[in-house]
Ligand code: ASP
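What follows is a single chain, given as structure tokens, in the form predicted on its own.
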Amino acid sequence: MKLIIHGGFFSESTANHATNVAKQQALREIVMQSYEFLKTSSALKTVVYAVALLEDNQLFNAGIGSQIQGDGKIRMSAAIMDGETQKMSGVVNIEEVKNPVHVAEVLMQYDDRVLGGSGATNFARLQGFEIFSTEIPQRRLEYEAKLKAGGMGTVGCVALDKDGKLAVATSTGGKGFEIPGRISDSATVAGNYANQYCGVSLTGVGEDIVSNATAAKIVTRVTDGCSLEEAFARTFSELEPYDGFAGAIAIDNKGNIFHQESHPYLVFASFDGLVLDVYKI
């Protein structure tokens, strides 16, 4: 069993050591709590569980603490993918729900598995998800001051369960101050992808990640026989011509864990029951 999570880049807090330390500690606690959950649960259930914990922590830009868009509203996106069934479900620009990843989980049971905008929000209400404001005072102050702090924030999890099955989940509160209606990579196969060979979750500039089809490329290359390291190296080299901004975490079906970023300060934590690895500045 293996588990890795990420909390996006440190872009909003590189000058704030206390915040950085708090994020590292939160990741440490969440990855270990999620690993305990993984012991008795599937990879799919575990990635949802872990990402929901990240969404509930206002240190990260997903769920509570999400960024505010250009019109003053918060819209969030999230997706999950089951490596065994190859099913992916997600929500794009959903509003006023506490855990977008839980709505994505419910959608896994439907034929129409990716919903956006008011359709996603209305679906959540019909499924009993109550109205919940994810705005925190800090985000409102940033918005009102027209600051662009934390524009690279996303959270994600990849899990390999005891049966050798892989799953991935990714959630984001957006980049902040974007044009309403902008689509992030998180609910696409560029930012969130898994099959029976590999699972990958991305963070960074969504447009760069989509242009490179990053997650799908990495998984495809592993499927075709590349090692994780080789797949990452080739795929990230293809971001270089346009200085693409991305970070990724992955696990393959052999239990290998890998992460890479095109720019520094991706924050992540992994745990395999024996070794805990947490990013340190």
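From a predicted model like this one, the values you see are computed outputs, not experimental measurements. Numbers for residues come from their place in the sequence shown, where the first is 1.
The same protein also exists as the form predicted together with the named molecule; that form is not shown, yet it is the one meant from here on.
**Q** Name the stretch: of 133-141, 102-110, 118-126, 170-178, exactly one has residues whose heavy atoms fall within 4.5 Å of the named molecule in the model of the complex.
**A** Within 4.5 Å of the partner lies stretch 170-178.
**Q** Contact check in the model of the complex: 61, 153 and 205 versus the named molecule, with a cutoff of 4.5 Å between any heavy atoms. Do all three pass?
**A** The answer is yes; 61, 153 and 205 each reach the named molecule.
**Q** Using the partner position in the model of the complex, report whether residue 98 sits within 4.5 Å of the named molecule, counting heavy atoms only.
**A** Outside the cut-off, so no.
**Q** Report yes if any heavy atom of residue 192 sits within 4.5 Å of a heavy atom of the named molecule in the model of the complex; otherwise report no.
**A** Flag for residue 192 set to no.
**Q** Is residue 201 near the named molecule? Define near as a heavy atom within 4.5 Å, in the model of the complex.
**A** Outside the cut-off, so no.
**Q** Using heavy atoms and a 4.5 Å limit, would one call residue 182 a contact residue for the named molecule in the model of the complex?
**A** Heavy-atom contact with the named molecule at 4.5 Å: present for residue 182.
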